[in-house]
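Only one chain is included here, represented as C-alpha cells and corresponding to the form predicted alone.
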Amino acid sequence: MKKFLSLLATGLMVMTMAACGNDAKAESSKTTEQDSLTAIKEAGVLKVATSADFAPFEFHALVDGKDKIVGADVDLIAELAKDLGVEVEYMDMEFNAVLTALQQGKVDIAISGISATLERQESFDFSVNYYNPPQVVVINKKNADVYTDLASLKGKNVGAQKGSIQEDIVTAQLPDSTKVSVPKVPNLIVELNQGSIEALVLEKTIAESYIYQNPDLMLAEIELTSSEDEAYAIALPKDSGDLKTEIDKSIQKLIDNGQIEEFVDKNIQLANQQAE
C-alpha cells in the first residue's frame, strides 16, 4: 500500500509539473507576442531586412548627393514607423538572405516584394497583403517574334531571382526550360542583355522599371498564371501577436486611403529619373 501511495504521489507530481510547464509555455508565448512590440518601442528603432534592387519598391538612389534606400516599400515602412513612434534602420542584403536574417533575430521585420507562400507561413507570420502585381516574362526585343508563348521557351535558359517566388513560377509554368537562379535582379538583367539567358520572370511593376532603363528589353506576349499567394506582405517572426496587429492596422489604413498605389506611382517616376 505504501508503495502504491508513493507511486500515486509521484504520478500526481509529474502531472502537476507537466501542467505547470504547459501553462508556463503558454504564458511565455503570450509574453513573447507582447514583448516584440514593446521591445521595438522601447528601443525606438524598427530593424528592417530588405534587398534594395526591386525598383520601384526598394532601390538605391542619390538623394541630396547621398546614396539612400528609397521606394514604395520604404514609404510604407516610414508610415508604419510613424504609427509606432519609432525610427527605421535598414539592413540591405541579397534577397535569399532576407528571411534568414529575420529568422535569426537580426531584424524585426522583412519587406522586399515577399509573398506569403504556404511554405513560408510555416516559419513566419505575415501582414495582410498590400500589393498584388502580375507576373511577366521579359525578353530582348530582337526575339519578339521568337518567344511568343510558353512552348517557345522550351529548352531555353529562363532567369529568376534566387529565393524568390519567380523561381517557383519558372519551375511550375516553364518546366521544359532551364531555370537560372541569380541573387540580384540587376545581374539577371545583364545576363539577359548579354544573351546568356533568353528570358526572365519578374513582377510586372519591377519589370517595367528595368525595361525603362534597358530599352533593348520588352515584355513578352506570354501569359503567366498569377494568384493571391503571390501578393506582397511584410514578414514577421512567428507568433508576433500585437506587432502583427499594429502593422496590419497601418497597412489597411494606407490601402483604404489609396496611398499604396500613390507610393508605387511616385517611385516609378523616381526610378526612371535615376536611370536618365
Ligand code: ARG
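Just so we're clear, the structure is a prediction, and the values are computed from it rather than from any experiment. Numbers for residues come from their place in the sequence shown, where the first is 1.
Beyond what is shown, the protein has a form predicted together with the ligand; the following relates to that form.
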{"item": "Single option in N140, T205, S177, S164 placed near the ligand in the model of the complex, where near means a heavy atom within 4.5 Å", "value": "S164"}
{"item": "4.5 angstroms heavy atom contact with the ligand in the model of the complex for K156", "value": "no"}
{"item": "Interface membership of I114, the ligand in the model of the complex, 4.5 Å heavy atom rule", "value": "yes"}
{"item": "Contact of F95 with the ligand in the model of the complex (heavy atom, 4.5 Å)", "value": "yes"}
{"item": "Partner contact for R120 in the model of the complex: the ligand, 4.5 angstroms, heavy atom", "value": "yes"}
{"item": "Candidate stretches 106 to 114, 187 to 195, 142 to 150, 76 to 84 - the one whose heavy atoms come within 4.5 Å of the ligand in the model of the complex", "value": "106 to 114"}
{"item": "Residues in 224 to 249 close to the ligand in the model of the complex, defined by a heavy atom within 4.5 Å, in order", "value": "Y232"}
